[in-house]
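Just one chain follows, in the form predicted on its own, and it is written as structure tokens.
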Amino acid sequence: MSSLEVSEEVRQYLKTPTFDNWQWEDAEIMVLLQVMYTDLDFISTFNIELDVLQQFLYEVYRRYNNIPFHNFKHCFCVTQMMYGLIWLIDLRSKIDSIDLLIMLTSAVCHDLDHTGYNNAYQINARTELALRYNDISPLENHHCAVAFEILEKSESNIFRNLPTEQYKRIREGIIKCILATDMTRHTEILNKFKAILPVFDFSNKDHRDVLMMIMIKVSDISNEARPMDVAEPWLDCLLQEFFNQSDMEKLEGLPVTPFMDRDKVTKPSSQTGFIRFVLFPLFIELANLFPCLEVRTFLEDLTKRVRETETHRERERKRERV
């Protein structure tokens, strides 16, 4: 399947937040990623050769590991959500194409060579990544470095035909976006966004930078905002990765991350807290800037999901008491 063979129906479906990634094989996903670059006019605007884009995406594919959650399919889901939001909120009419290119490419690269073990583990286990990056966002710094290793090769450098100044701007933007996915910075970035919302100005670079960080954060953790049959398998994948880490922490005598402990965590408990305290506030603030999000089903679906999850938890408690 080539990007030319993707039907108009699929192209339109690809722009929706309800897109079901589970229907597609990895080879097809590579084509759908090409479609995103094509339909946002990046190919012509930034003089990206199709064979270079294909090689870039192949190198990206190779550098995602076969782990339960932070794999190539997750990369696609985050990128697809970013792509869908760009169309949904009509971001093309509000910011430059170069910022859109930064956002989409950051989503593609944001978890490159993820190990399946989070920053807390890296730091506590004193891994090579933690030592290399002095305990400062070891994974996110690594994802950035791997992205630019790929882009250093001429055959996979989708930015190779751009002037130096444009490349510098893109590099700076991608680094900012990927580093923003470190969840230890969640409150800091969200508070920055809330502070500028009343006076938000799309012509202000600092404001755009914060918006881009919020956009990749929303895209990164948006699985729970998708339809239940799409979201549920992802939760299983995430918990498997969490449990693998807590098992390793116990084995190595390291502090066990509480929300990853298979002896303490249940699916409902992990869902409710995450939706209520992390995802919900992010979507609410984004919807404050783009009211069209509120008339959609995002916030309604999240509210419904929390209620359903809490009802399920209550049933579990009653069974335990019996």
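Since the structure is predicted, the reported quantities are computational estimates derived from the model, not experimental observations. Numbering starts at 1 and runs along the sequence shown.
This protein has a second form, the form predicted in complex with a small molecule, left out of what is shown; the following refers to that one.
Although the small molecule is omitted here, in the model of the complex none of Phe19, Asn21 and Leu85 has a heavy atom within 4.5 Å of it. Of the residues given (Gln80, Ser137, Gln122, Thr181), Thr181 alone sits with a heavy atom within 4.5 Å of the small molecule in the model of the complex. Interface residue among Gln55, Thr257, Ser270, Thr38, judged by heavy atoms within 4.5 Å of the small molecule in the model of the complex: Ser270. The stretch that touches the small molecule in the model of the complex, counting heavy atoms within 4.5 Å, is 237 to 245, out of 93 to 101, 126 to 134, 237 to 245, 193 to 201. None of the heavy atoms of Tyr61 is located within 4.5 Å of the small molecule in the model of the complex.
Contact between Phe274 and the small molecule in the model of the complex is found at the 4.5 Å heavy atom cutoff. Put simply, Ala145 is far from the small molecule in the model of the complex: not one heavy atom of it is within 4.5 Å.
Ile175 falls outside the set of residues with a heavy atom inside 4.5 Å of the small molecule in the model of the complex.
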